[in-house]
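Single chain ahead, written as structure tokens, the form predicted on its own.
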Amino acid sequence: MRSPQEPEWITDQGGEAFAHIYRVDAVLHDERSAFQRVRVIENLDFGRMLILDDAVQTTERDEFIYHELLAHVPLCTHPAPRRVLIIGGGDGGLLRETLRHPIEHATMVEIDRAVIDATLRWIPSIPANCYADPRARLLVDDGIRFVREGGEHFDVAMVDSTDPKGPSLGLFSSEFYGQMAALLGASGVLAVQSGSPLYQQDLIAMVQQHMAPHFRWVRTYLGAVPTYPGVFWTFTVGSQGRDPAGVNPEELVERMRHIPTRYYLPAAHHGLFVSPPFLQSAMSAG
């Protein structure tokens, strides 16, 4: 039993034999929703942190890295995105970044209202005022069902999900990617988070294999998110209209000219898709 003076630590396990641990300097929120345990804690180094079950989802300190990479790469891949779909993303950061672009409409479908409410109350800097934007529509619903039932057209879609287990498992299936491709049409773009290049290589290969039958180009790109186990993280983008790794550099500069970022740079866009040899080998073996 922990003494009153002994701090609590949260363990976010990566592989079978390693984890990141974070000292809990304050517990701001702790509830069990219908889907998962939702916590917000305070940590000296990373500020306020959103934790679902035992996995760190985002923090005040480094949330911009993940959200900028997942948003700006697919939005810049599409030549003129107007209608955008976000599946998951309950912290609001991905919607915030999406709305920096001159789109007409963004629909966000998040299954767990508790995640939205906890972030709005305890980490409001992440969603900022995105839900008040007249271009935004928030649906508390099952994203898999929303995509399966269809009925709407989108230019770009992004999936901001937890790892493939529980309610998120179906978000990584070939069937889901095929349904997404049908919603997106001939020039559509889909981007997803696809896990760690160090301990989830099978997941990266699976995402590529499941996307490949439905999209003309499937590319995996890399970023560094300090609070995710292993730090390096991958995203995978499927595109029908043009190669995400081949967008004209001058177009990227122009598209991002008036969009403030802290991590994503047009000049670095193409370099994101250059995978180190170990990852290329793992994806080829998959």
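Values in this document were obtained by computation on a predicted structure and should not be read as measured data. One rule holds for the numbers: they count along the sequence shown, beginning at 1.
Form predicted together with a small molecule: not shown, discussed below.
Site residues V56, Y199 and P229 are all in contact with the small molecule in the predicted complex, judged by any heavy atom within 4.5 Å. Although the partner is absent here, E97 is not a contact residue: none of its heavy atoms lies within 4.5 angstroms of the small molecule in the predicted complex. Although the partner is absent here, S161 is a contact residue: one of its heavy atoms lies within 4.5 angstroms of the small molecule in the predicted complex.
Interface residue remark: D155 is not counted as part of the site for the small molecule in the predicted complex, having no heavy atom within 4.5 Å.
Using a 4.5 angstroms limit between non-hydrogen atoms, Q193 touches the small molecule in the predicted complex. Checking 26 to 34, 39 to 47, 242 to 250, 59 to 67 against the small molecule in the predicted complex, the stretch whose residues place heavy atoms within 4.5 Å of it is 59 to 67.
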